[in-house]
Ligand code: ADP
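Only one chain comes next, encoded as structure tokens, the form predicted on its own.
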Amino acid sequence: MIKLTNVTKTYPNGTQALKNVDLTINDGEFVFIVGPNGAGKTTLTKLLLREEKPTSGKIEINGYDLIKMKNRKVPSLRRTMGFVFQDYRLFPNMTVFENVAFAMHVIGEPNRIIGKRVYKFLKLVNLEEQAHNYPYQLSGGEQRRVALARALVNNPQIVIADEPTSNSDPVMAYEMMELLKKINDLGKTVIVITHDIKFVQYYDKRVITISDGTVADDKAGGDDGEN
């Protein structure tokens, strides 16, 4: 479970990115987070990953208190979460297999387990035949699916995808959203940060609208956008 209680984030330059945010996302939910640029979505993401700390308030994720936790515990928190970055962040000198395996090497998994799990998740995202290709040999949509496989390979409880359909053709974008839906159907909590309102409207899921640093709207269904 993710729970934010009265969370405010003010940067040193005086910018108040989040203001008294109260938000709960339960285990197994699929949630869209929408809002205009500068609304506070990026700051919210950084707080969830514990890249930033709030100025005030409380954040709890998967039993971790992100305010009180020691820095040495941050990797343990992040192992319960998978993040698909908007810019993919793949290693250009590594193959698809190696990029996905890297996430397991970091936590010290033995090679006999790594091989099995990497191919399992490459198959899930329909990329097992590209396992030995390099990122430059893939389309943007395929690179994004590699990033998704890497986010999933350590079996996180929460998956966060930042603009997963941006710069993708309609078919690739739809395939990506269907993969995220499949992951949610497996019991994972899925959070999608997006400007792509057609998918918000298409999928009947919870929609949280962030505006001017506050939760402006929070409702089930996908019948609204950023207004």
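All residue numbers refer to positions in the sequence shown, first residue = 1. Just so it is clear, the structure is predicted and the values come from calculations on it, not from any experiment.
Not pictured, yet referred to below: the form predicted in complex with this ligand.
(request) Identify which of 47, 39, 191, 180 has a heavy atom within 4.5 Å of this ligand in the predicted bound form; exactly one of them does. (result) Result of the distance check: 39.
(message) Residue-level question: is residue 24 within 4.5 Å of this ligand in the predicted bound form, judged on heavy atoms?
(response) Looking in the predicted bound form, residue contacts with this ligand do not include residue 24, since no heavy atom lies within 4.5 Å.
(message) Test of understanding: in the predicted bound form, would residue 165 fall inside 4.5 Å of this ligand by heavy atoms?
(response) Although this ligand is absent here, residue 165 would stay clear of it in the predicted bound form, with no heavy atoms inside 4.5 Å.
(request) Would you please decide whether residue 43 lies within 4.5 angstroms of this ligand in the predicted bound form, comparing each non-hydrogen atom pair? (result) Although this ligand is absent here, residue 43 would touch it in the predicted bound form, with heavy atoms inside 4.5 Å.
(message) Can you tell me whether residue 208 touches this ligand? I mean in the predicted bound form, with a 4.5 angstroms heavy atom cut-off.
(response) Result no; residue 208 lies far from this ligand in the predicted bound form.
(request) Counting only non-hydrogen atoms and a 4.5 Å cut-off, give the residues of 3 to 25 close to this ligand in the predicted bound form. (result) If the 4.5 Å heavy-atom criterion is applied to this ligand in the predicted bound form, 3 to 25 yields 11, 13, 15, 17.
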